[in-house]
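This document starts with one chain, in the form predicted alone, laid out as structure tokens.
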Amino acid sequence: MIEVIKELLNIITEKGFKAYVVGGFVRDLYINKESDDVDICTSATPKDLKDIFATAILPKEEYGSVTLFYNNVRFEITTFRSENKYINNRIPGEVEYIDDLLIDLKRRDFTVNTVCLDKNLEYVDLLDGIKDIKNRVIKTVISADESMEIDSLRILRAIRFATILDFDLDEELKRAIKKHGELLTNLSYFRKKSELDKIFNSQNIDKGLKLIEELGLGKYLGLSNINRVNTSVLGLAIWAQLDVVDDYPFNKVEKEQIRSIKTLMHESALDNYNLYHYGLYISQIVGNIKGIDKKKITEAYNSLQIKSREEIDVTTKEVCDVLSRKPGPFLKEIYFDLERKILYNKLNNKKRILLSYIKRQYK
């Protein structure tokens, strides 16, 4: 990938423009962490970029980033800019294209995200970002108070970076987050969920949850019981313990999985029927929360005679034939009975045995 990046930067600079990789990719490259999220800042305008790259996708709104797929790598390319008069602690009301890298970097959130990579793949560090990366500290570019007021999402971004990178928050930044935490109430649940998802899926999740609690953000995020979360699991299993499914924007599948996890958590045991009904994925999540060995759950699930009702070894026609009856609601009762008898190993899932049982029990 690095050679593709170099090639792209050279194409832009050969046209007379400045261009640098900036942000997370450069930060992660410096600490030998894999990343495929490549952001480029340049003095070229979106129109200039469209002239250079015919396949560039122009932004829908003015001052947005140009998206470019080049040699199977996705690039977000943004023109150097200054920003002023922020609206709702989030969106700049005034944006102006400029030709000054330093001014562009000063509008960014944290120093660790301001280190650049030039066309020769050399680091360009105008704001001591490398020093903060080495010291493993998240520090704002401008004063922490002003930075949080400009963009309230930075409150969660700071915690997210501290979590996934295992960095510390600068003391000034901590004070500013505590002071301005209430600004999170005006932030969309979509934005909040996007950041929290990354925290909840991090192997370093304990650090993130501790920071949310320490900085008093739970009440502004609707996460009142975050101090009681079992962190032996990640992702949806964390959300399932937080009682916020009706507040945050989960899709239909996520909602179903969260509700299944919550329901199964309150069951007394992970017996055969629960393993069958909820499936291996949900059962393993709940088992992890309850401290049940994953291997034991997998073995129990694999030993089930059936994994779905369709695997029961008699058809509805065969049931009707053996009972000399026409299809009707009674079939549902019979299959429910067979399902449980098979799952609890009171019947073998063999056609002959099942038909004999049905004839004896229901004729």
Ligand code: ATP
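Just so we're clear, the structure is a prediction, and the values are computed from it rather than from any experiment. In case it trips you up, residue 1 is the first one in the sequence shown, and so on.
A second form of this protein, the form predicted in complex with ligand ATP, is not displayed here; the remarks below concern that form.
- Contact check at 4.5 Å (heavy atoms) against ligand ATP in the predicted complex: none of Lys193, Gly235 and Trp239 pass.
- Residue contact with ligand ATP in the predicted complex: Arg107 places a heavy atom within 4.5 Å of it.
- Thr79 falls outside the set of residues with a heavy atom inside 4.5 Å of ligand ATP in the predicted complex.
- By the criterion of a heavy atom within 4.5 Å, Leu173 is excluded from the residues contacting ligand ATP in the predicted complex.
- Under a 4.5 angstroms non-hydrogen atom cutoff, ligand ATP in the predicted complex lacks Asp337 among its neighbouring residues.
- Picking from 208 to 216, 226 to 234, 108 to 116, 252 to 260 the stretch near ligand ATP in the predicted complex, with a 4.5 Å limit on heavy atoms, gives 108 to 116.
- Of the residues His277, Arg157, Lys290, His180, just one reaches ligand ATP in the predicted complex with a heavy atom at 4.5 Å or closer; this is Arg157.
- Checking Leu153, Ala162, Ile285, Ile199 for any heavy atom within 4.5 Å of ligand ATP in the predicted complex turns up a single hit: Leu153.
- Residues Gly23, Gly24, Arg27, Asp28, Asp37, Asp39 are the ones in 18 to 51 with at least one heavy atom within 4.5 Å of ligand ATP in the predicted complex, listed in sequence order.
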